[in-house]
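So this first bit is one chain, no partners, the form predicted on its own, shown in structure tokens.
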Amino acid sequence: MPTSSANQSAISHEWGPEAAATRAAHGFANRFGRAATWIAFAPGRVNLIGEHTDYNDGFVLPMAIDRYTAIAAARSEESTIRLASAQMPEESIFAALLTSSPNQKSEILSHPSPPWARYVLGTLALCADSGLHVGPLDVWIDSDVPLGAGLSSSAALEVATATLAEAIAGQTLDPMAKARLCQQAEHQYAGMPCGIMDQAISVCATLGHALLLDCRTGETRQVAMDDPSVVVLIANSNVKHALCDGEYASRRADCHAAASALGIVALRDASLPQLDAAAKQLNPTIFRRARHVITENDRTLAAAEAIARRNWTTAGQLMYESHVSMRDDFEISCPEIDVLVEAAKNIGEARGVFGSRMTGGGFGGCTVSLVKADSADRIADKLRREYRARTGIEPTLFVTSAAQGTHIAGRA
């Protein structure tokens, strides 16, 4: 997977949708000996604030990053879908999904394909169920969304696949229906009970904006992130997490248990006074899980308003509070991530850091920081040196602005 220093990331032309499309086109031609007919791409995302609120019917504030998964494809003369990837050595050959079939799910899950191929095949199967039939294809996938870093590489792959299916079929899905289709692909074919946030931002992102998403209603509001004096600095701890290992499912079960004990549909409907009143009836761990979600919803709404007003001081403070809640109440941080947040906070606003927090599902991955654009390179270098000194691990840092969502190459 390509990596970059913050300095390179801020100025290099190697990143972005056009570069992703070019790499995918070249990769397809090299692998299959002809030009691709279609190229679709979708971005990864960083969640500015609103962690583990999505499956609690709450609010999230993600933005797309300028790291993309691109899929190049052309019609195959064989009755198969052949999948190949620049990042994965294994290829997959599957009988073409010519029509929807009640047996497709079991056929895909039992097929001896590499696990990553299921994201593509599952999405194509659900697209076929929605009337978007792609037929036999040769497919090449290239991505610079870091894997296992909490930047939603899986959603980028699913959304790029669905966008490809739309282009081939000559039909389009409603944006949120498309996001839900991709979410179901992850549920059914990858066994990951994710919320809707990752797919929604990859589909709905608008250049220069974060997205405030109500995960209950599907309503969205674009929040301007176009202040040229402020950028987002992502620091990958290079500590990998694996959300299918049970921790994600465990936290989700804790939240449902809390909602059930409070007699509500989801923690979105709870208030802190209501939770405090029930504290004696709740297991202490369940209480803390619920407190995180309730306060995180409040922080997310407040942060969206602060960012819209360009009140970066308030937005940054809310990010720090979010991290403490994730660390202490939801218990999804780790020592390496805490080092990065602490180092960012020690730099302080006077030297360019407004706020920092863990982002993603937890147990490793990345931090996201709001920083002054003219100080970003110096801040990145400081974080890199301190993190390496305290952990012995080399981090990967890059600067990003709010990027464009999924589309077909040549058409925004």
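Note that residue numbering follows the sequence shown and begins at 1. This one's a predicted model, so the numbers in the text were calculated from it and none came from an experiment.
Note that the form predicted together with a small molecule isn't included here; everything after this is about it.
Pro146 belongs to the set of residues with a heavy atom inside 4.5 Å of the small molecule in the predicted bound form. Contact annotation: Glu186 falls within 4.5 Å of the small molecule in the predicted bound form, judged by heavy atom distances. Among heavy atoms of Trp312, none comes within 4.5 Å of the small molecule in the predicted bound form.
Among heavy atoms of Met88, some come within 4.5 Å of the small molecule in the predicted bound form. None of Thr123, Ser92, Ser153, Ser237 but one reaches within 4.5 angstroms of the small molecule in the predicted bound form through a heavy atom, and that residue is Ser153. Only one of Leu211, Leu267, Leu157, Val232 comes within 4.5 Å of the small molecule in the predicted bound form through a heavy atom, and that residue is Leu157.
Of the candidate stretches 203-211, 128-136, 171-179, 80-88, only 80-88 has residues whose heavy atoms lie within 4.5 Å of the small molecule in the predicted bound form.
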